[in-house]
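Coming up is one lone chain in structure tokens, specifically the form predicted alone.
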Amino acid sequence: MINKIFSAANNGFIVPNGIAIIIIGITKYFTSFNNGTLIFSEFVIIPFLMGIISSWYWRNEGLSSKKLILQSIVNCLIAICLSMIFLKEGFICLLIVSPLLITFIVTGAFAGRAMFKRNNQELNVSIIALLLVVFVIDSTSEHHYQNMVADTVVINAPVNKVWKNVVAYKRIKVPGKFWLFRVGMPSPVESTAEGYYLGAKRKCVFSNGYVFDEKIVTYEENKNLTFDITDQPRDPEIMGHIDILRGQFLLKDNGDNTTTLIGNSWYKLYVFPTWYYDIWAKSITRNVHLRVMEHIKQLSENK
């Protein structure tokens, strides 16, 4: 019975995931000084290594390419379930990370199959050593990434009417159109302000009750509202992997009784590689912008 459980085929699932858990634990130790940042190695090097290890156990199974891909996807699903249990990651986060994990586990599996067919021990050791060097360098390096997203909407209303709805807006009742909002990601529903003046506190309320505390740092009536985020929620669904640092609304009077509204947001990422996660961060931030700005447009144009 034990031999069946720990057969070569099953070890191709058990061992890679076990090693991944150990390595991620070591990675957490090295990056504990960096606010829990999730690094490049955790999403690229470790999955790639998992694929190579799996191929070593499956090297005598005679797997077709299709079968190798399917078993690698199963490996990814196991890794995702373990992340949910041990790393306390939420559904949305795991949904976002899954294409990256699948890609590099499958790539690693095919690389491993090629490596073990050649049976070149020097080449195999060199590849593993290179992965180890990249992992160590990445784990001990400082990670920092900030970016800004800007969006524009033209509103058929004078600038003074738009301004009132920019500082604070009534509750959004329509459901979010963005697909991630539809599968459970919190979306903005209301913004309140204690006053229309510099230094006033604002609150941005999300659909699940989360509140972003804000402070107005630039108040140029009918022109510029800039606010810093002073406190934001932490949970497994996105927040904790990204910090929204600052928001801004710029208003431009077009001279024809219309207003151009520009929404800017500055954010900091705690997940790498940024070439992958920044695509998601931009998309999410942009859809938060557009949900709020379209609501401001509707309120301002309502006669």
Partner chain sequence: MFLFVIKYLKFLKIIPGAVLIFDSWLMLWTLISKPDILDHIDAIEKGVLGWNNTNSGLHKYGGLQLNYTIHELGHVHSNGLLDIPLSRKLKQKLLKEGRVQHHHTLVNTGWISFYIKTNEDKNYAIKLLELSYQSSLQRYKYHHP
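Just so we're clear, the structure is a prediction, and the values are computed from it rather than from any experiment. Residue numbers count along the first chain shown, from 1.
There is also a form predicted together with its partner chain; it is not shown, and the following applies to it.
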TODO: Verify the flagged residues Val162, His295 and Asn302 against its partner chain in the predicted complex: is each one within 4.5 Å by a non-hydrogen atom?
DONE: no
- [ ] Using a 4.5 Å heavy atom cut-off, state whether Phe104 contacts its partner chain in the predicted complex.
- [x] yes
- [ ] May I ask you to check whether Ser64 falls inside a 4.5 Å heavy atom distance of its partner chain in the predicted complex?
- [x] yes
Task: Heavy atom of Ala200 within 4.5 Å of its partner chain in the predicted complex - done: no
Open item on the list: Does any part of Ala111 reach within 4.5 Å of its partner chain in the predicted complex? Heavy atoms only, please.
Closed with: yes
Open item on the list: If contact means a heavy atom within 4.5 Å, which one of 95 to 103, 164 to 172, 184 to 192, 216 to 224 is the stretch that engages its partner chain in the predicted complex?
Closed with: 95 to 103
Task: Contact assignment for its partner chain in the predicted complex, among Ile69, Ile26, Ile262, Leu245, heavy atom within 4.5 Å - done: Ile69
Task: Option touching its partner chain, based on a heavy atom within 4.5 Å in the predicted complex, out of Met84, Val211, Ile137, Ile73 - done: Ile73
